[in-house]
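In the block that follows, a single chain appears as structure tokens, in the form predicted on its own.
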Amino acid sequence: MTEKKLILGLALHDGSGALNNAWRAPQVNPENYANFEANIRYAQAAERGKFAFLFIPDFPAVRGDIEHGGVRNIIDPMIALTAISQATSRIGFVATGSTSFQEPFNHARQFKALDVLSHGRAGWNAVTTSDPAVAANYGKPVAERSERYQRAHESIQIVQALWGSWQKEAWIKNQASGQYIDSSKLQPVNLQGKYVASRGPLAIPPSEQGQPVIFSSGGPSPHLLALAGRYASGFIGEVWTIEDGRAQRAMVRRAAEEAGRDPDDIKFFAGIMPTVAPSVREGLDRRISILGDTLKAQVPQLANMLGVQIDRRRLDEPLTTEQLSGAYPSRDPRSGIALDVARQGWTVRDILAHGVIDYHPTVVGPAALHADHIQEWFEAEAADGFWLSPDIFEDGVDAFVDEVVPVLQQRGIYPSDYIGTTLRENLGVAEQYGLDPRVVGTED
């Protein structure tokens, strides 16, 4: 038992699920990409499970495998979350917005409007973009890394200044006197950087949490750590082992401390891709039925990860004793997990169905296995919480909420109800309105 409680978030995108071919699953409506009602259902299920937030990744370009793989992106993050906000009351919304191509005033206006509309439940995953396909959609080249991050520093500071430009006591609303606002408390910010600028002010009042919560996401590069340490209250990580999780969480907390902030004011979230099923075998069969021939295409990658030759024609056989004795973890951080699964005697098809080359750790099987994974990571201080990417949203979210969440609650590591009504409260991070005076002007 521990006093500290873990935090859960749910990733949403095209309305199908995290598995390849999820849109083809029999329980999925292939039109869900354009059906807001589907994501509203999933959000409501997550709220029933006391999830703190929905996380919306964003890739505003067409992927190369769209012909068979689908869009795998939400139709528009801000519009979708606006709709979801009106059908929920407690769960928060963390949408991705790139500083590389949007102007700070646009971000400031959109996110604060969502924050007010949702009564203090909005967050901004502030990222930079290096993908050429996305850059081409905005008619711009991909900037060099230092320029991208310098622009990000400038953008976030301008956004936060704009958020605070309508001061908390500014709105008078005195119908008798005729004074609507104290104009001395709604003033321009007049910020000019090397790459972006804004005069302001932003004519949107504070929400119940003041202003949106800033997140960062990705691998822990020095540039990203500097950005997250100065501004973020949440960090969406990319880790596959407890050791990696502990190391990255420590780096994120240290970055916050070096920026003059309390390290407890930034929460680190590890990813997990759950398949909840009565047994491991039934979970694997569920995944195999959806993944189909894509598993065969993954065999060369598995072979490279383990340093052995694997015949695609022998998918339904385990690795031989000779193969296992010669196998070794490669530099790929997932290879150790793949080798552990292989040593348990599963067939090649089953090894791949375990999700050993997925984007995040995958758990397949009963609720207790999922709870064990989450509890082990949480108590090892490898994460403050997790963001989930279920295999199939249509029944996977409900399965996690109905089966895994009660186990976590019984173990005393997950809350039985929301702490408050705002995202900031449910994350347990400090209040902030406008710029943080501790970090302004400290960018490299």
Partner chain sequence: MNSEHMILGVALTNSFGAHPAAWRLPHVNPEAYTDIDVTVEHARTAERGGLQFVFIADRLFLHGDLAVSNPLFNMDPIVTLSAVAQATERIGLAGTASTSFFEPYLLARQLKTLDVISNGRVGWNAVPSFEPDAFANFGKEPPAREKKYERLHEVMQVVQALWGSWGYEAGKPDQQEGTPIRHM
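Residue numbers count along the first chain shown, from 1. Here the structure is a predicted model, which means the values were calculated and not measured.
The following text describes the form predicted in complex with its partner chain, which does not appear among the structures shown.
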**Study point:** Which of 375 to 383, 405 to 413, 390 to 398, 54 to 62 lines the interface with its partner chain in the predicted complex (heavy atom within 4.5 Å)
**Key:** 54 to 62
Exercise for review: Using heavy atoms only and a 4.5 Å cut-off, determine which of Gln344, Gln86, Ser221, Ser146 is in contact with its partner chain in the predicted complex.
Suggested key: Gln86
Check your understanding: Which of Met78, Ala338, Ala256, Ile242 has a heavy atom within 4.5 Å of its partner chain in the predicted complex?
Key -> Met78
**Study point:** Lys296, heavy atom within 4.5 angstroms of its partner chain in the predicted complex
**Key:** no
Review point. Does its partner chain come within 4.5 Å of any heavy atom of Ser198 in the predicted complex?
Key: yes
Review point. Taking the shortest heavy atom distance, is Leu114 within 4.5 Å of its partner chain in the predicted complex?
Key: yes
Check your understanding: Is the gap between Val364 and its partner chain in the predicted complex 4.5 Å or less for some heavy atom pair?
Key -> no
Exercise for review: Establish, in the predicted complex, whether Pro30, Ile40 and Pro205 all lie within 4.5 Å of its partner chain, using non-hydrogen atoms for the distance.
Suggested key: yes
**Study point:** Stretch 235 to 270: residues contacting its partner chain in the predicted complex, 4.5 Å heavy atom cut-off
**Key:** none
